[in-house]
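Encoded as structure tokens, the following chain is the form predicted alone, with no partner shown.
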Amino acid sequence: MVRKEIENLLNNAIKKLGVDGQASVSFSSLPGLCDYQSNSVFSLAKKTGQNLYELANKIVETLEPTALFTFEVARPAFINIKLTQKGYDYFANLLYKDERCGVKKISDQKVLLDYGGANVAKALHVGHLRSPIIGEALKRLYKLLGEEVISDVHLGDWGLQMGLTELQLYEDGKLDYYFSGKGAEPKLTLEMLNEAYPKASARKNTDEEFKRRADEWTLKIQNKEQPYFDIYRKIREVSVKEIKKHYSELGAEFDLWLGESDADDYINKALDIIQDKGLARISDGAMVVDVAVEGENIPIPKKSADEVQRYKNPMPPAILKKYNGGALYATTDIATILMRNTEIGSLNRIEYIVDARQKNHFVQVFRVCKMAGISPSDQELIHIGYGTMNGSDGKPFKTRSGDTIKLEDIINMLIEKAGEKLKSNGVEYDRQLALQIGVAAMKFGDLSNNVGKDYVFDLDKFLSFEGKTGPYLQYTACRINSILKKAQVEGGQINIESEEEKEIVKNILKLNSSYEIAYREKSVNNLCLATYDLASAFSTFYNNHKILTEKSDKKKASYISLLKLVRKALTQALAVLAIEVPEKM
């Protein structure tokens, strides 16, 4: 908002001077010196051959008169810009009256966001946390900035885990009814699945015959043979019910609850397209597509910055059909892209929020889709790879015994820890409130890190009501709500007088800029930081000014409007992060 105003003024002056080029404006790197700065004269002078300092002064002297800003040249050619008193008042009231608090729509693209990715028949665990947290935030960000977003959970429900689970249940005598027709139909439960899959998964690594039978069982499910397919559907129903419950507790909402199985009808269509293009070949009985490009090397992640960069062999071929005709993850992902482009259509982008370790898989899938024309040439296929959530030892977060922690246990731990924190603050325990605070702590702790980086999961630190944490932001919003409720005064014209008030306005403007940065980087860590900075600026203002006891009606009305502005900016940012604001804390 403000940067655009300043850029327009500067560019009009540059145009009048007949200089080829445009100016850009950024927030000041020295906030004590000025509010904004432009370093564009360096590149402009290079084009014209003019003296840096002289050109900067000419631009400032040619500016149209304005009461909102002051411009000053600092050697060698920096243009420093400050908001005037009138400028602060003008922009504060403009933000206050705007429903979106000054956040502009920047795109009208149609996007499908693929996140969540839970596997049916497997208990959700800590490794399933980051995808719904990051995906939900990006979805809300894209929507705020004007895009049409369709979210799909894309369940893993068509792979080997289904055959493994069914075969183990069968061998444990839990499926006799379906094959003999005798006795009463058993009720398949989540407990049965949570016992069967880990058991089968461990067996396949040591029992080759069991693994071979599981492959055959999986193929029968994929061919929709009975009773294998009916059993599969019952397992899916039980599992999805639990997945929906946990994703709901995390605040993740999906437009589509589709899985790999829903793309089954498109598998043969996709394979036909690929074969018709002459892209497929047979290797050891399997159908593959070569996707490596000339000169390609795959970097091996370095363990330290000083380590010599090493490379793997070129990208291996994408395997689309097993030796027995069964489909693989790459097959269903390619078929899913074909399904989405056929049934939804007009998608500018398809984005996947999946573990960074799946990078090569998506490179293969995307290349096949582009080579075969399954994805239009102007459609972006993007993999947003996230890092791992680690324990204090820097290794992936696990129990003390080394087991992977279940998502249900994580959620219960969040509730328990948040409940203890509430009790220590003298707040009566409430499970829903504890869930809101615990989830906010975890989300902010996650999202405040760059999406591609690993980070340490430190719940005690995340749950603090002070510092850069989710509960601190919730508490700030709650405190504003409490003040406004007690004030019982309508707001009025905002008049910015103190430095603390100026800091609030500047931080709202910085927060607004962070949305575009988050959109560009596909990571909301800057948005998290800017939200915290605004909350911190408000706290400083609150500690230094008597709002409810202010004697001047005009000043009090201004304060109330400023509080409403802060609340609107904070709640809008928290809504993007999918962090709820509790009624009390």
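Please read these numbers as outputs of a predicted model, since none were measured by experiment. Residues carry their position along the shown sequence, with the first being 1.
The following text describes the form predicted together with arginine, which does not appear among the structures shown.
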property: Region of this chain that lies against arginine in the predicted complex, out of 190-198, 478-486, 168-176, 358-366 [heavy atom, 4.5 Å]; result: 358-366
property: Residue 136, heavy atom within 4.5 angstroms of arginine in the predicted complex; result: no
property: 4.5 Å heavy atom contact, residue 154 to arginine in the predicted complex; result: yes
property: Close approach of residue 352 to arginine in the predicted complex, 4.5 Å, heavy atom; result: yes
property: In the predicted complex, residue 128 touching arginine (heavy atom, 4.5 Å); result: yes
property: Answer option from 117, 87, 102, 159, heavy atom within 4.5 Å of arginine in the predicted complex; result: 117
property: Contact residue in the predicted complex, chosen from 501, 147, 333, 446 - any heavy atom within 4.5 Å of arginine; result: 333
property: Heavy atom contacts to arginine in the predicted complex at 4.5 Å, residues of 301-330 in sequence order; result: 329
